[in-house]
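Before any questions on binding or motion, here is one chain by itself as structure tokens, the form predicted on its own.
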Amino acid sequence: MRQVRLDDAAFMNQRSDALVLKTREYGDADLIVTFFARELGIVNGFAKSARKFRSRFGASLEPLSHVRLTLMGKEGAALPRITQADIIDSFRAIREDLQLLLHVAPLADFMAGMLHEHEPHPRRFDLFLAALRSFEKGAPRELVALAFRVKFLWMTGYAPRTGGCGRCGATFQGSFALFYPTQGTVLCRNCAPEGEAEAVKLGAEAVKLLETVKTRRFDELAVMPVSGEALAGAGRVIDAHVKRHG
């Protein structure tokens, strides 16, 4: 196995609030940890002896933990050393609820796949943190998961257009709309391409839901009545959009 080597020269400390996304074992007792750090973006760090029984890191490197992270290494280093990780919030309730974890873990993968390493994204960090807190408080899981993905896409400028026709601007009317993943938008009948087989049917309630979750806080969404059909329809649109454009 290739040995991790850190240059002794030109070291600098970097500190940031961070969320642990995943870990992987290295050697006999070490870990390589992927964080989403508020001031640093997606970053990997090397935790020496983190898997030993009396490790000084304790439970601070468990996935989804919110920590105050300290990294030491040369500026721009691919794998700086983790010197400290102080727990701010462990989100233990999420990790210990398998069904809840099955909603949360894909969101971390989705987010990591949409971001470049070492690029700070404070607003998106705060969004993910707010979503974790909502999950922990017992907010509707499917709704929070959908809202997170929509909000995240909206922040990055990749959100699907569902409030009206993406070509002529006609507002949505009727009991359903047709979303075209190839176009990233709802299209009216006059603008829809002929022979397009990938259109996703979107009911009126699902259209309204996709527009609403962009700007509502998670706690506001938690008390909003939403049908399972609307959630499923909106989820299909986001799945198709991310598959095509993500």
Partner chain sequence: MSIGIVENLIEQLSKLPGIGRKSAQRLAFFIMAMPDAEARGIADAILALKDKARFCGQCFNICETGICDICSDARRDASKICVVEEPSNLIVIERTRSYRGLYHVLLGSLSPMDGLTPERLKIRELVTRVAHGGTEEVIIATNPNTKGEATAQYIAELLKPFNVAVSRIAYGLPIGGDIEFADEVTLAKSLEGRRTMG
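Positions refer to the first chain, counted from 1. Since the structure is predicted, the reported quantities are computational estimates derived from the model, not experimental observations.
Absent from the display: the form predicted together with its partner chain. The rest refers to it.
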* To do: Find out whether any non-hydrogen atom of P193 is located within 4.5 angstroms of its partner chain in the predicted complex, and reply yes or no.
  => no
* To do: Evaluate G203 for contact with its partner chain in the predicted complex, applying a 4.5 angstroms cut-off between non-hydrogen atoms, and reply yes or no.
  => no
* Asked: Do P63 and its partner chain share at least one heavy atom pair within 4.5 Å in the predicted complex?
  -> yes
* Contact flag, R236 vs its partner chain in the predicted complex, heavy atom cut 4.5 Å -> no
* **Partner-contacting position among L115, I87, L153, L143 - heavy atom within 4.5 Å of its partner chain in the predicted complex** => I87
* Quick one: of R123, K137, R92, K74, which gets a non-hydrogen atom within 4.5 angstroms of its partner chain in the predicted complex? -> R92
* **Interface segment, criterion being heavy atoms within 4.5 Å of its partner chain in the predicted complex, picked from 167-175, 145-153, 115-123, 100-108** => 100-108
* To do: Check, residue by residue, if G184, R189 and K208 all come within 4.5 Å of its partner chain in the predicted complex, counting heavy atoms only.
  => no
